[in-house]
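What follows is a pair of forms of the same protein chain, given separately as structure tokens and numbered structure 1 and structure 2.
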Structure 1
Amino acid sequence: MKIQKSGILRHLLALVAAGVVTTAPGGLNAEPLKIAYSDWPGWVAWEIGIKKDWFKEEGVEVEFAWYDYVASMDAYAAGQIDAVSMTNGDALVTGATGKPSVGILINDYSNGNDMVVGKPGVESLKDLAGKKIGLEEGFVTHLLFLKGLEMNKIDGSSITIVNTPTNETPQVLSSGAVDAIAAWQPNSGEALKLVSGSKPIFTSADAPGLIYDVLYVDPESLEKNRDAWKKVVKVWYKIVAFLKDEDNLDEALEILASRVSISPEEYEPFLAGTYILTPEEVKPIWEKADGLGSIYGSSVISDEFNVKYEVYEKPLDTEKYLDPSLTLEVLAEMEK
């Protein structure tokens, strides 16, 4: 496979200023927990807890800072925040090249929002032979693309990867510079709207568990503020219960859509492409096992990908990036 390299790690440690900051005052922890979140449905869902003052009710003080996704990882690596919402694969990249973290809460897995989008006439991954695809090398959609080739038994040696920032992929596809792109929502959806006749040719729904979306915490903050972080986990499962109640759908969509300044009708497909995990569903995912059904197995696959494509040099101890104890404690208390 031909890869046009331009250094995907150029972002790390190059902090971009934070956007909107929302605070839920009245907590019991001495200093607010600073959490970065970005435009992904499983993370925008935190907005429900913010709007409803559930953090205040739980007795934990939290500042949520709104970032572009890559900027949120930069901010974490630079020590500006205590926790960041990342995919399990990107947490490994940030840890190897910037600052390690510990995943304490699995929000969801991508269920179609991450996709390979082909221009008109590109009907499948097989149609990309001898053509170009624009994607951000070393990020989750690169992994998704390669997984698609593997699952479809396609030799990708004739496909040229054009390294492209994810937020620029819609414009690159529209320009005709590439024949397909790989991106996550909202960029993948924007590409479909921008290029008439384009279509998804492989999505994360075809490989559930390849991309888990997780809250990753600074290990020092986790040790120092364990009780406070446990309260954050409790609020999350209150949010999940709210989202899973169909009677709340209209209100939930209104809250989520308002965070990203679109209509609830426009936002609904984004939510559908994100599988928010219930307590019952998340438990087996926290069990150590091989394969995509376990976050441990999924993270090993991401680590192997990162080393193979020289995102970082040596394999990581992926288990150190995961700690299910807070989630399991909260779920056990919920069952009483």
Structure 2
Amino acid sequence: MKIQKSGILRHLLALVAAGVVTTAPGGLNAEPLKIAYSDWPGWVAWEIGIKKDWFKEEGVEVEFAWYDYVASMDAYAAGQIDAVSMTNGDALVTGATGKPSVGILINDYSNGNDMVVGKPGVESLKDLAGKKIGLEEGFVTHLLFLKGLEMNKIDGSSITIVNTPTNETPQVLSSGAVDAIAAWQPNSGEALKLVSGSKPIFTSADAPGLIYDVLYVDPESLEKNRDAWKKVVKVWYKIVAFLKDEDNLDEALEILASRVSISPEEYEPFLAGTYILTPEEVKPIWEKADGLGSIYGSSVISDEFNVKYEVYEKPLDTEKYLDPSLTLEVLAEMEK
């Protein structure tokens, strides 16, 4: 399988641009924290805190900017924003090719919403031999796809990867240009809907813990505004408490679905595929351990993948990309 370097080139370009730009907007304390988020259900959940004015209540000024996923990482690498919602694997890619970051908050793990969708006739990953798959090269869905091949002991060399922006994957699948796509909700769901008879042939539920969805912060901003970032973490756990209360489900769905312009009915199944982590559930994940049950272990596995498949060249110090202290402090305060 040949991996083109276009994703990396884009990041190199962003890095060059960052050098030009960093002189312009300084990370002043008075400035609101600029956070980029995109259409992944675990991040759309921030919308609840935004709509309910909880950031103001907590006394922290934030500015959420809505991006396409890869564009959000480009914007982060270009120094335009202070934090970006990424998967733990993509944080490493962005770090190796653009700009490093520190994960301070785990929103969720992907539990089925990231998926490889095969068109009718493609019943499993094995059926993809000699065929084409559309996915965003070097990023999370690529990782998922490779993991699927590995788990099913499939040699991927005969499968052609067509670099496709994730939000275009439904149209690309329905156009017949590819035989499968890899995407996350709501894009994967749109693809399933668009192509009658298509089905998920491998999902993140088959490899839980491979993809953690995290808030990654610019190390410089974290150092300067640690208290403000802690408040952001606090708001997140308020959002989690709200989401986990069944009585709020209709209201929550209304807010979440309207952000991505679909109906609440269509949105509801996404909640199962994105496992939002409660305070109790997230603590063991922040503990250092091998394997996918810990974000440390998961990041090491992503790192090895990225090196093996030449997304970047050298292994990274993955521990540097994680800082559980803010979450743990907030959770300790909540328990009091």
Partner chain sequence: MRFSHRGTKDSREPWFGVRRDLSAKRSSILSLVSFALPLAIWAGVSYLPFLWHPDIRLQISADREDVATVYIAGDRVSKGFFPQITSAVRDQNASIEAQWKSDDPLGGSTESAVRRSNKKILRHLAPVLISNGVIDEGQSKDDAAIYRAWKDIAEGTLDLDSPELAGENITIVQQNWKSMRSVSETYDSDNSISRPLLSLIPQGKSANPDYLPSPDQVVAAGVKIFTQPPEGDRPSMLQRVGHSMRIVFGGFFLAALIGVPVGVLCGTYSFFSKLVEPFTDFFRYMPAPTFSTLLVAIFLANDAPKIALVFVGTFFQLVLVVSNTTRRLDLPLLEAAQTLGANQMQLLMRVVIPGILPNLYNDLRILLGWAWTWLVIAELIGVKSGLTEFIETQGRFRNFDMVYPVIILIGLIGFFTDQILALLRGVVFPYTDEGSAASANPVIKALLFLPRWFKDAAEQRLPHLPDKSTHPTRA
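Between two forms, the rigid core is the largest collection of C-alphas that superpose within 1.5 Å. Predicted model only: the values in this text are computed from it and were never measured. Residues are numbered by position in structure 1's sequence, first residue being 1.
Peer 1: Given that just one of these two is the form predicted together with its partner chain, which number is it?
Peer 2: Number 2 is right.
Peer 1: Align on the rigid core first; then say whether the Cα of V172 has moved by at least 2 Å between the two structures.
Peer 2: Comparing forms between the two structures, the V172 CA shifts at least 2 Å.
Peer 1: After core superposition, I'd like to know whether G134 moves between the two structures (criterion: C-alpha shift of 2 angstroms or more).
Peer 2: Yes, because once the rigid core is superposed, the C-alpha of G134 moves 2 Å or more between the two structures.
Peer 1: Tell me, please, whether between the two structures the C-alpha of A71 is shifted by 2 Å or more, with the rigid core used for superposition.
Peer 2: Comparing forms between the two structures, the A71 CA shifts below 2 Å.
Peer 1: Align on the rigid core first, then pass along the CA displacement of S124 between the two structures in angstrom.
Peer 2: For S124, the C-alpha ends up 2.4 Å from its position in the other form.
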